[in-house]
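The chain below stands alone, shown as structure tokens; this is the form predicted alone.
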Amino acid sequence: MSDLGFGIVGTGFIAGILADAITRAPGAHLAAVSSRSLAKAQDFVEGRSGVAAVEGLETLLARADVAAVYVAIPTAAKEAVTLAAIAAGKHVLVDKPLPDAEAVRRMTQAAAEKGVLFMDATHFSHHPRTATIRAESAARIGRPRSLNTTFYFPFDDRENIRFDPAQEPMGAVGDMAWYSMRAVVEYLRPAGALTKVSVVPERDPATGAVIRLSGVLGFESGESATLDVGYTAGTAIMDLSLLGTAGMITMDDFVLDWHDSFPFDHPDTPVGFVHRSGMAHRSAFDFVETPSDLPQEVRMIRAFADAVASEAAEDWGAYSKASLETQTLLDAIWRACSA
């Protein structure tokens, strides 16, 4: 079986990260990169042996060596490009966030009807740590009842699209709170519907973009989630606490692990999570190591290629379901933010 050939739409920073991940991932290879400007595509592929630079989406989608497309463009343009790729019979990996839940429904339905895979590009979902926590949380902490997440990166470049509401309407909400909401989907897994949302947003005075948000969500089955995200803390923070009826799981790198991810490379720092229960003192907290043979962004590409090869409808549906659940929660936060 040949490797899955990827094409990338877009030439920004995150496209470069995923281009490297595709190159490293077993079962995949990068075939071509497109931009509206051929010169930008050529600059992007410079030094990437065997990768073609093409001008325009249509040219990329017409290539026989491109079976899957990674969409790495501003959120305002993602749905149209994704639907075009699906219509061309390409599997699609779409950078987060997505425009809204209705757009997710349209894209995932189109993918299902065409018989291609749809997946959002949330890296941490594919780390062994996520699978371990899902499998062991009931035994370790009982029934999950609340989730607290804090995700900040220091960032104040007003020329970046994150500060452009026309291209990225949700600002830091879409950029950062997406991960908090995916953590709700992956770890808290509330049994009931969302019933309460309250948020405190902060907007950039020059651009109007949301640059910080604190909030709380409540579910009819009693679970709750709090989040604090943005660009204004002056340091990188990626803290998560999952509280259950019999204990607690915490980590300080839930989005991008310190050990081996594209912004961090600290091989002497083990990756995993802390488990605590009862009246345990800090010295008795249990660190559960969850090593990975590959960075999580590379594992994501491998999982995508494996899913395409397996043609397992159940797995494909699970990916679409996670995207919709995450975006639905994000939309609720955004509506509260905009009220």
Ligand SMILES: NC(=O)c1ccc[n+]([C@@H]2O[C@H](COP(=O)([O-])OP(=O)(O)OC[C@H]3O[C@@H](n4cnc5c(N)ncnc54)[C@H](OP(=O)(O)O)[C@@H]3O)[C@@H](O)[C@H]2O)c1
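From 1 onward, residues are counted along the sequence shown. Just so you know, these numbers come straight off a predicted model, no measurement behind them.
FYI, the form predicted in complex with this ligand isn't displayed, but the following is about it.
Enquirer: Using a 4.5 Å heavy atom cut-off, which residue among E186, E168, D100, E223 comes into contact with this ligand in the predicted complex?
Expert: Checked against the cut-off, the match is E168.
Enquirer: Since exactly one of D95, E79, D228, D204 fits, which has a heavy atom within 4.5 Å of this ligand in the predicted complex?
Expert: Contact with this ligand in the predicted complex is made by D95 alone.
Enquirer: Pick from 59 to 67, 31 to 39, 304 to 312, 275 to 283: which stretch has non-hydrogen atoms within 4.5 Å of this ligand in the predicted complex?
Expert: In the other structure, the partner sits against 31 to 39.
Enquirer: Looking in the predicted complex, is this ligand within 4.5 Å of a heavy atom from each of T150, L242 and D253?
Expert: Not a single residue of the candidate spot has a heavy atom within 4.5 Å of this ligand in the predicted complex.
Enquirer: Taking heavy atoms only, is F118 within 4.5 angstroms of this ligand in the predicted complex?
Expert: No, F118 sits far enough from this ligand in the predicted complex that none of its heavy atoms falls within 4.5 Å.
Enquirer: Consider T75 of the chain shown here, and say whether it contacts this ligand in the predicted complex, taking contact as heavy atoms within 4.5 Å.
Expert: The answer is yes: T75 has a heavy atom within 4.5 Å of this ligand.
Enquirer: Heavy atom to heavy atom, is R212 within 4.5 Å of this ligand in the predicted complex?
Expert: No, R212 stays farther than 4.5 Å from this ligand in the predicted complex.
Enquirer: So in the predicted complex, does any heavy atom of Y179 sit within 4.5 Å of this ligand?
Expert: Yes, Y179 sits close enough to this ligand in the predicted complex that at least one of its heavy atoms falls within 4.5 Å.
Enquirer: Could you pull out the residues of 248 to 273 that have any heavy atom within 4.5 Å of this ligand in the predicted complex?
Expert: Just F262.
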